[in-house]
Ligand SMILES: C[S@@+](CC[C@H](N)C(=O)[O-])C[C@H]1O[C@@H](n2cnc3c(N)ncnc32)[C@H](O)[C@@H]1O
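Given as structure tokens, the chain that follows is alone and in the form predicted alone.
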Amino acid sequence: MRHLRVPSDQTQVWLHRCRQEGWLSKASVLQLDEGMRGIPLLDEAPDDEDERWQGHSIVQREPKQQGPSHWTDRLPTPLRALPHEIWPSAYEIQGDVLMVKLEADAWEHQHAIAQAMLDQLPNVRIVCADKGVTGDFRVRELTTLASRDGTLSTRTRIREHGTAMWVDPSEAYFSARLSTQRQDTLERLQSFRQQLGRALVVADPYAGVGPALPLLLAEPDLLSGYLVGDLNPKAVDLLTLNLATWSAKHETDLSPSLLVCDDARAWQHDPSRRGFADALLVNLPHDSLTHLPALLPILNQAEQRLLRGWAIIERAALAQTKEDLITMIEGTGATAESVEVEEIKGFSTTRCFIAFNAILAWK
């Protein structure tokens, strides 16, 4: 079969053009040598010498046929005849761990479902049934359905914003959906760093496995130190692994650099943590606002300070939440120079997930 040989970074350009011209075969794109790709062509496509190929050559290769487009197409034939509504319509992947919620009608077919998913998704190592979050640490209750290599561990590595991170959905809460919020955190701290004219000490008392940190640590001259922790010891184990990697890439020593495993509400009573930070991140959405009065003393009561957090509230309480934040800030003796409360997404029919941001100043 004929394939147009193009540089890999021009693959999408030529796929689009060949599709528009009616020259593109349904076979898959081939990976060729020297960083080149092979675009599969129909017999109706022009010959090798046609000037419309702009000097790119045509090579003969065996076609790579596309497999089934959906995992349900890989189920055993008798199961494919069952009503489509039985099968789960969505799943989540963290690293090489796939988590899927199964309704009662699908449970008897759990192993067939898991094997079909492994066959469809070659980068998945283990398929687990997700029974929802449980316990104070809101970790997933997972049941292994199938493993590609026999390993049962759900510890895995993901990449976010170009950085690798250890996670384990059965041991520590992590949400990939907050990726854009973490980018926004970086941008806000960059702006605040310019405002103060020096690197920042940041506190993240509900850090989990640490997803807010790699972007901050990778930014030159943004941080001078940190205080991070979590009450979940298994999350702190993963955070320790992650910080060892991220901190090693930091160009200067971070001092102070504290990693703890305890209740952040007690930090205010420890002289080494009270008045510690220039910026405070509060990511415990179900409890952020009730914990906040105990957390504000972590901020150094001099100059301006930055508060950024997330919460789940009644949508009707958006305006009141802003007033409550101002009251909490003023209760520390500070002035709320600016307070923002922004709805990020819906949480239920009446509740929403918000981000709140404030600049505090002490005289």
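Model, not experiment: these values are computed from the prediction. Just count from 1 along the sequence shown to find any residue number.
The form predicted in complex with this ligand is left out here; the points below concern that form.
Although the partner is absent here, Asp278 is not a contact residue: none of its heavy atoms lies within 4.5 angstroms of this ligand in the predicted bound form. Of the heavy atoms in Glu103, none are within 4.5 Å of this ligand in the predicted bound form. Interface residue remark: Arg265 is counted as part of the site for this ligand in the predicted bound form, having a heavy atom within 4.5 Å.
Shown alone here, Ala207 lies within 4.5 Å of this ligand in the predicted bound form, counting heavy atoms only. Note on contacts: among Leu142, Leu231, Ala112, Leu118, the single residue with a heavy atom within 4.5 Å of this ligand in the predicted bound form is Leu231. With the partner omitted from this view, the residue of Trp246, Phe192, Tyr91, Tyr173 that lies near this ligand in the predicted bound form is Tyr173 [heavy atom within 4.5 Å]. In summary, the region of this chain contacting this ligand in the predicted bound form, judged by heavy atoms within 4.5 Å and restricted to 270 to 278, 173 to 181, 122 to 130, 69 to 77, corresponds to 173 to 181. Residues from 24 to 58 do not approach this ligand in the predicted bound form: none has a non-hydrogen atom within 4.5 Å of it.
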